[in-house]
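Two forms of a single protein chain come next, each set out by itself as structure tokens; they are called structure 1 and structure 2.
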Structure 1
Amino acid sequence: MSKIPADSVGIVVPQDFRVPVGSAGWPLKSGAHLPELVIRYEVYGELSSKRDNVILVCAPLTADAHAAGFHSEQDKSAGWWEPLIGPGKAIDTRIYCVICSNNLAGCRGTTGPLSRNPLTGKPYGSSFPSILIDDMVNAQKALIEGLGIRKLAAVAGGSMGGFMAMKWAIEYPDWVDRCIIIASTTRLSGQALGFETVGRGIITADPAFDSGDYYTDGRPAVGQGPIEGLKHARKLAHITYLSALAMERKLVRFDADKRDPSKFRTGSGVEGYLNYQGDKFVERFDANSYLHITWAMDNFDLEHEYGSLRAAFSNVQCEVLNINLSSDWLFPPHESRKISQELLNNRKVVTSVELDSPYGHDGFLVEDMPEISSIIQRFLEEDHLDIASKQSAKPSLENLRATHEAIHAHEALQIFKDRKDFALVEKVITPGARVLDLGCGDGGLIDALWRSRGIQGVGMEKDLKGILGCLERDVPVLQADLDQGLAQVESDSFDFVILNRTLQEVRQPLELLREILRVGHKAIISFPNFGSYKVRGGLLFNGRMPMSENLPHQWHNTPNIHLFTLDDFKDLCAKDQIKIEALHCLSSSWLGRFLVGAGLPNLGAEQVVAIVGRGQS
């Protein structure tokens, strides 16, 4: 065992579960039936006595049940999500029991085209019925039920695994507590569909395909049939899994030994790399499985199936974490984002993360993306597992959550004592209101308002550090730039929108104000007043751009790109039909407070908190 790392789940043994089916067989969504259904799966970690700690991992297109650990001491490569699953890892097997199964129609143990049809004794081949993502999910559910489990602590999947995770959340809302979706979308893009179409065309055009009945009599196995076609399809698909930059790195040009004009081989590094990927793939995957599973993937389209994305997500009850990867052009961020947007517009609890990644779609396999681990760990509330472990030798999920809550509850309300402007916000917010905090940082204000006012809060934040803070506090947050982020939020979604010391930082302040009052009924806007006597005096007497506690940056590196005074703000509101309901002028000096008291707020206020609504003042 010396070679197996300590943070691995170690040696695992795949297991088979035979789903009890009646004489009619196992029903598929198409109406067809499978005469039998066997599911190969693996388990990592221990099932708790309450059976409440199961995380179901959904395998993407060509992956199998082997998500973590090793099959033997000699096994050179670990499971496909090894970086994420194990003791001390993001999906921590000290607390969670992880289950992963081979997908229906696959070729690694679960019933698929190369399985023997018990009715004929021969491999299914061309007679294997076409399936949908729903069928794959239903097979997983049969396994989960068969294992005596009635609720999943979480379901997680990347890419096509994300399709399955979404289906779980949509179709079996009572069964799922949390849902983790990585690098996935609500359907394939036109481009991705195009590549799939070509890939399948290449396989079925291979003369060795023989309409799918290519298995050597009596010994169906991977590695038979349209090997050449499958290789080309895989090479093609593999290009789409990598970012342009990642492909560029493979480009070692003109290896003269491998250049062969008569065979049109350039000898480029890309060529060699893709050939290697193609050769490796056909050793482990069956062409019929590839055809069936990609076909299921291509037909997944939540908008088409449910009438609209709004309708699709309307029944979701779990908390959702949705991560997209910047350089993923197969499941592109602007499509992935729609999942979060529609969940938000359905008033579901969703956190959306936009990760900067150079790796393309394959980044979801996490090898070089430790950020994914950090995010998932916090989403699964494991960030205080070490403390909980000290209190109990074998902490349960309940122990863990209690520890977590105790730590955060202790600190949360201090914020109203530390920040005058936040104390003002607390007074204004009505109990139970829906609140959007723009530029919410670590979510501290939302957490505190939830504790003191019972609000339903959502944050919007640009920086990953803030997002991680929100995840620690269980504050749902959308990672977005304020200049764009509100566009997809439905009108009248919130009772209050908070914008703290940020209006002067955005590119288009007026457009943002309008957007804020479109999505929210009222807004609480705080800003530094460039008209304060300190600022005016600074410019007048020093002849330099003023710096102060509220304006701490130098002119050339300040994020405050649109400075304005209280009177500028008032003018704008008057002109744009924005109603100022209340103004609170804050100053750190007695002179400032005196000037405010004397009716000269534009001269006295260093910071202003304005409550605004729609319509004329």
Structure 2
Amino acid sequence: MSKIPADSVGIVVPQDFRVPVGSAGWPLKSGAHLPELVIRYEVYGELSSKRDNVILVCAPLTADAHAAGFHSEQDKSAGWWEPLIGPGKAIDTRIYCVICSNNLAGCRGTTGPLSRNPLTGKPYGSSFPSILIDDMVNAQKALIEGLGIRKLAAVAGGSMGGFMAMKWAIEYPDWVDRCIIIASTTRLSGQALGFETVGRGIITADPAFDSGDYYTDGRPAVGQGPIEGLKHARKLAHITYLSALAMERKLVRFDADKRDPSKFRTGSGVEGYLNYQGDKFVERFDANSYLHITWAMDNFDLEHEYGSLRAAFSNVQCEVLNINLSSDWLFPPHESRKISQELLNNRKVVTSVELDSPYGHDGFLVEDMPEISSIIQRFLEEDHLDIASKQSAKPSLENLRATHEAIHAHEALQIFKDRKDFALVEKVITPGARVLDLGCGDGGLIDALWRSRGIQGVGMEKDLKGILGCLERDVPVLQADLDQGLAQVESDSFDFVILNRTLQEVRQPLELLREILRVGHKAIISFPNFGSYKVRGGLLFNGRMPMSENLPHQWHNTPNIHLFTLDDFKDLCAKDQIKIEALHCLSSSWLGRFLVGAGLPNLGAEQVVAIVGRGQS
């Protein structure tokens, strides 16, 4: 292979940890016991003196402990999450100590059906007990405890790894500081369960399956048993990992030499791709392990287990980042959003992002998704420390967060001096209030209000650039299109809802106002006044749409689709029984301020800040 890249963790050596189980064995949720438990794991980066910099990475369905780096100079490929783990990457090993283990029931070193049962001296095979996601997490916890670690800086996982990350946050809330969930849901969909059921049926129907006891002469090894069944199950599953567009791209190539009508082989690119994936998979994975792990994944259902998603997330204490992918139909975005919705309505700290990806479910594994790296890096606050200082020293997380605080503390409070509308908002917000900022941009206002008023703030923002800005400020933010409404937010969830210079940009302003007053007790609405003398004068004397500080766009690229005046807003509130508690009319010119003072606010105000509530004024 070529030289190992400088941003790789380099050569890594897998390690085995034997969990002390006692004479009774290791207990499983089913009530069964394993006579021994060995966990294969890898470590990237150095453990801090305080042992407070550990990130646990939870492997997805068929991945193993080898998440990053290389096992030798001859390795042709790196670990399965190499794009995200390493020096200077999203999960920066100059700061964090990253641990990843092979899942319980796996076939890459951790105790599973392929392992020898110490009580019989033979492979477990069909005698290996059924496991659940809880058992995988409990095994991880035994490893972490055994390594002398008592707190995780973060736990991260995609797909089935997201199931485990959620379980950590739910069952061991005191252990987890941050939780990163990618392309995951609270349960598998009916469609996904259907594919899993068919896949397992293909394996067990293979004549070589032999009820799971197919290891030749008792010699456990990958590559034995129902090879054809496992190959076809993998091909079926792989279809679900890709989007329709990604699969279509595999179709463009046909190989005439591989076309065989007698065996119904078309020679298409899709056929060749799936055959390649199936052949490669059976070289490294065991059929029994596949059956047990998919069965555990299929039985994961937080709502069923806890009675409701509200109850499931009630004990979560950590900050949560939930990333979903637009083209993922195996773990669809609308199901993934339920995680964020329930955390939000449980008043937990959650950030939710939906990335536009053409790759389908496997998008969280590919290199060509730099947005995932940027989001995770900012969520972990790594970007707040200069790269040069990272290279010259190994800062603690405490120093890293102190640097973050120093960067933003001054600029956060300066915002009230620079923005008169924000200064008015600060005066209205009561200390400790729960605040929702719609169209929050980079989160600057929430950050400033947190510092000056001690609020509990959440932002909603559509633009990814704004979301990254929120993450830089450690502001929880949900990616959302306000034109889709606020249905995910429960009634009376917030003391104040802020809508800053956005009402004129949404398609249904009245519906949004109604929703705002459903979820919040009071609303602070600011908007540009298209009735000001500057707008009227620009049209009258120049015959063109004016541009100003409050109207910074030209007519052809403006986001403003509803041009209304202060009087229009007052009329709308009166008709819909919205109570206007206060109006603040702002102008940057002496003439505007004079007109407002003279009782002509609709003519003088360039921007209006309205405090509104429920009920007729």
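Counting starts at 1 and follows the sequence of structure 1. Being a predicted model, the structure only gives us computed values, none of them experimental. Each form is matched to the other, and the largest set of C-alpha atoms that superpose within 1.5 Å is called the rigid core.
A.B. asks: Just checking, which of these two is the form predicted together with another copy of the chain?
C.D. replies: It is structure 1; that copy is the form predicted together with another copy of the chain.
A.B. asks: Would residue 533 count as moving between the two structures, using a Cα shift of 2 angstroms or more after superposing the core as the test?
C.D. replies: Result for residue 533: yes, a 2 Å-plus shift.
A.B. asks: For residue 543, is the CA shift between the two structures at least 2 Å following rigid-core superposition?
C.D. replies: Shift at residue 543: 2 Å or more after core fit.
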